[in-house]
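Shown next as structure tokens: one chain only, the form predicted alone.
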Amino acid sequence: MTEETTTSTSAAGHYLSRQVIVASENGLHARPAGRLAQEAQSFEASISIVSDEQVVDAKSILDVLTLAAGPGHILELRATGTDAEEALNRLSELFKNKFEEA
């Protein structure tokens, strides 16, 4: 999988997107979901996560948990706003580093 950021357009307008893999062996459970939401909240960009047909707010731990993303699950991060690229970089690093869990 590449780390390529793509620009797309939807009914809501232009957004940047990047695909990530849930590499944590326990999936996107409460601790990584909380870390993801906390990091997402530090950006002004509007950030969402797409899994199949489900789209959730990356800044909400409860929304992230509804994805029930297990190990190996592929998710799409979408961001719009002035710091969208920076947000995608930081959040994809979290996925790559397995949310810095031991």
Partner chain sequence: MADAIVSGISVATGIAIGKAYFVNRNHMARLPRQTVASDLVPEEIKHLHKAFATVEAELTAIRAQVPEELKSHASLIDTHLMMLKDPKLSGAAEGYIKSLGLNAAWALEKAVSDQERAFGAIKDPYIRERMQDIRVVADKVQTKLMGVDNDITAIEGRAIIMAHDLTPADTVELQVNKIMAFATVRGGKTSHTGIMARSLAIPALVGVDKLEDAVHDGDLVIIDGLSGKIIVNPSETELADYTERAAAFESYTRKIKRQCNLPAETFDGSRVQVLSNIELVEEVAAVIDNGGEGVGLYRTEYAYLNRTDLPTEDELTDKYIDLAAIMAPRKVVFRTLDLGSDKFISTFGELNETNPAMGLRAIRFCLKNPQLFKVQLRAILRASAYGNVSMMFPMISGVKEVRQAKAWLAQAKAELRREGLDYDPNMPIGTMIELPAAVMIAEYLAHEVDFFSIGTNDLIQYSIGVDRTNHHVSYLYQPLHPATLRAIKMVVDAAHQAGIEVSLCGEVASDPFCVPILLGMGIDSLSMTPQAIPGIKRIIRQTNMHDCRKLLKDVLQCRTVSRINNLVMDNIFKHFPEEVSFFSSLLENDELPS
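Numbering follows the first chain given and starts at 1. Remember, predicted model here, so these are calculated numbers, not experimental data.
Note that the form predicted together with the partner chain isn't included here; everything after this is about it.
Interface residue remark: residue 42 is not counted as part of the site for the partner chain in the model of the complex, having no heavy atom within 4.5 Å. Proximity of residue 68 to the partner chain in the model of the complex falls within the 4.5 Å heavy atom cutoff. Using a 4.5 angstroms threshold between heavy atoms, residue 74 stays clear of the partner chain in the model of the complex.
For the chain shown alone, residue 50 is not a contact residue for the partner chain in the model of the complex, no non-hydrogen atom being within 4.5 angstroms. Taking the partner from elsewhere, no residue among 23, 86 and 97 has a non-hydrogen atom within 4.5 angstroms of the partner chain in the model of the complex.
Residues 57, 59, 60, 61, 62, 63, 65, 66, 68 of 49-83 are found to place at least one heavy atom within 4.5 Å of the partner chain in the model of the complex.
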